[in-house]
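As structure tokens, one chain now follows by itself in the form predicted alone.
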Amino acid sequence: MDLDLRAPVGELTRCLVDVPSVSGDEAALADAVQAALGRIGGLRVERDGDAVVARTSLGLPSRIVLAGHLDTVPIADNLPSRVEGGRLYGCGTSDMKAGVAIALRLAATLPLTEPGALRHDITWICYDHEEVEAARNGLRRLAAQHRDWLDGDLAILMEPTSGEVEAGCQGTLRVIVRLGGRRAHSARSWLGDNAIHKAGALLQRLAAYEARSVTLDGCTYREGLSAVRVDGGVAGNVIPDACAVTVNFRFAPDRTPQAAVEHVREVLAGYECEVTDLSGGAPPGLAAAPAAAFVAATGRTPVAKYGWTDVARFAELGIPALNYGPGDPNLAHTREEYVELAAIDEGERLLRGYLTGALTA
């Protein structure tokens, strides 16, 4: 397919949405993005797997990275897209093809080869496999194999933030707590030891947990320790001898990943905890000059990012990073997902002004 990156940003968003790109099936969209960026003068375009990276080389004193993922969660009978009442509905509209559309349209319409027209060199990163386990994340792969492609003084993740600036992100870890017992016929339950019943005390401990709130750079991060899955049972007439409870801890970015693991093990003392997923958070990073300048240009008051995003990967590399995008995070992954067309227009206007210097503090 041919992508017209100069089309109005709402129309471009719709084109991106109507190319299905569930995690693992991003190739068609990545091909289209690569071809469209390759037709733009002043850009060096490179590809790794289904991640596409384009960069200017103007020799400017600073570089801004605009990054967004191409993949979506599984389609929920919400494609093709439709426009209704000033809203674009469809899978990936909010998370995060509207943000990607803004970035791509800027690539096609900014004066990339005009001396003095831009305040910063710019890198565009459109990557794959964000909506699945961290080991497959395309940005993680780029950081490992092409570290220099990610270089910048500030990274802006086009995550859905309802047009607000969301700083840093929470860390996340998951553990599985396995509970054992003894099988028996349910008609003679006293002969067994019910593993599912043993989960009751664990769940009560989690329900009584008092989560803390932490304020960093004026942004308040709330933690949470929650059971998110219970697996167990053999048959309708069998006392189960095994039960597994998956517990998720969302932790503030002042905790290191190891400290988060130690905290969970302390709270769940007496239970064996198998760590199955662990990603550190990202501090707000608002003191960094490029981040402060972006915040000032937007006129927004930064707030904490609830949830984990790839700003954490940039933070690990020492690159300040913020979340900013037109979508509503509360609509991400829902069947009724949509984005306000006016919000996409506003996001493009703001980023264009920041990158060209038309918007300053």
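Just so it is clear, the model here is predicted, and its values are computed rather than measured. So that the term is clear: the rigid core is the largest set of C-alpha atoms that superpose within 1.5 Å between two forms. So that there is no doubt, residue numbering starts at 1 and follows the sequence shown.
Below: the form predicted in complex with another copy of the chain, not depicted.
With another copy of the chain left out of view, the stretch that reaches within 4.5 Å of it through heavy atoms in the predicted bound form is, among 56 to 64, 299 to 307, 28 to 36, 42 to 50, 299 to 307. At the 4.5 Å threshold, heavy atoms of Arg136 stay clear of another copy of the chain in the predicted bound form, well away from it. For Ala187, a non-hydrogen atom is located within 4.5 Å of another copy of the chain in the predicted bound form, even though that partner is not displayed. Of the heavy atoms in Leu106, none are within 4.5 Å of another copy of the chain in the predicted bound form. Put simply, Arg222 is close to another copy of the chain in the predicted bound form: some heavy atom of it is within 4.5 Å. For the residues Ala259, Val275, Ala289, Ala235, the 4.5 Å heavy atom test against another copy of the chain in the predicted bound form is passed only by Ala235. Contact with another copy of the chain in the predicted bound form, judged by any heavy atom within 4.5 Å, is made by just one of Ala143, Val267, Ile196, Leu110: Ile196.
Contacts between stretch 193 to 228 and another copy of the chain, counted in the predicted bound form as any heavy atom lying within 4.5 Å, involve Asn194, Ile196, His197, Ala199, Gly200, Ala201, Leu203, Gln204, Leu206, Ala207, Arg222, Glu223, Gly224, Leu225, Ser226, Ala227, Val228, listed in sequence order. After superposition on the rigid core, the Cα atom of Ala195 is displaced by 2 Å or more between the shown form and the other one.
If you fit the rigid core between the shown form and the other one, you'll see the Cα of Gly85 move by less than 2 angstroms. Once the cores line up, the CA of Pro240 ends up 2 angstroms or more apart between the shown form and the other one.
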